[in-house]
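Below you'll find only one chain, the form predicted on its own, shown as structure tokens.
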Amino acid sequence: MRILYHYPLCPYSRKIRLILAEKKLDFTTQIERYWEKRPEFLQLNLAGHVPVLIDLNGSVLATSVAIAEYLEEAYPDRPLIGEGLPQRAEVRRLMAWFDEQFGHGISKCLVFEKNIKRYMKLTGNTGPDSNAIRQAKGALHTHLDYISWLVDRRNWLAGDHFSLADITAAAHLSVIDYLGDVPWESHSLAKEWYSRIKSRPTFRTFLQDRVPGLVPASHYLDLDF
């Protein structure tokens, strides 16, 4: 059985969970508190980050970009990268946009400040940084506007078909939605797109995710939110 080392509120882990589910590949999960730098986990990925996937052939794969590319090549029966060179390039561009621009500026910041920070022994740790949270939540509007602009012109983010671009964007938004920080009321087109993804059977396992001491937003379980 494949093993995925992940953390429930890690958007990069969620991306791989969605890819595996969309490709109908069986796997088990193991929650990894990666900030603890567990020696056994560091032997799998010296960088100490999730996700890490161990495939059926024993291959140990780290980082969501490398794992996504591997799964596309190893299991091509249910392709998610798109058809044709231009579309595949656009899918990769949007994956990078959400993993880097959205990830570093918003999802990683909010998850760290609201969840992970409380577990870490940081010098002078006084709790969540309200200024960092405010800046991240403010930047979220730009990304939701961009999603709205894309889906106003396309069926899905990279074109006519659901792809890794949608998976990557939804993975990041889903952790922010758990925290209750997505201003859906101001971005109806983005909300409609996310609702379509949220209704996919592969997404429903996320709705059961729970983090000790952090209750999800009241609408998190609702498909019609």
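Everything numeric in this text was worked out from a predicted model, so none of it was measured. All residue numbers refer to positions in the sequence shown, first residue = 1.
Unshown form predicted in complex with a further copy of the same chain; subsequent notes refer to it.
Contact check at 4.5 Å (heavy atoms) against a further copy of the same chain in the predicted complex: all three of A66, Y70 and Y146 pass. Contact with a further copy of the same chain in the predicted complex, judged as any non-hydrogen atom within 4.5 angstroms, is confined among 113-121, 71-79, 151-159, 129-137 to 71-79. Between a further copy of the same chain and the residues L56, L189, I31, A47, the one pair within 4.5 Å by heavy atoms in the predicted complex involves A47. Residue contact with a further copy of the same chain in the predicted complex: R93 places a heavy atom within 4.5 Å of it.
When a further copy of the same chain is considered in the predicted complex, A62 lines it closely, a heavy atom lying within 4.5 Å.
In the predicted complex, none of the heavy atoms of H141 sits within 4.5 Å of a heavy atom of a further copy of the same chain. Along 201-225, a non-hydrogen atom within 4.5 Å of a further copy of the same chain in the predicted complex is carried by no residue at all.
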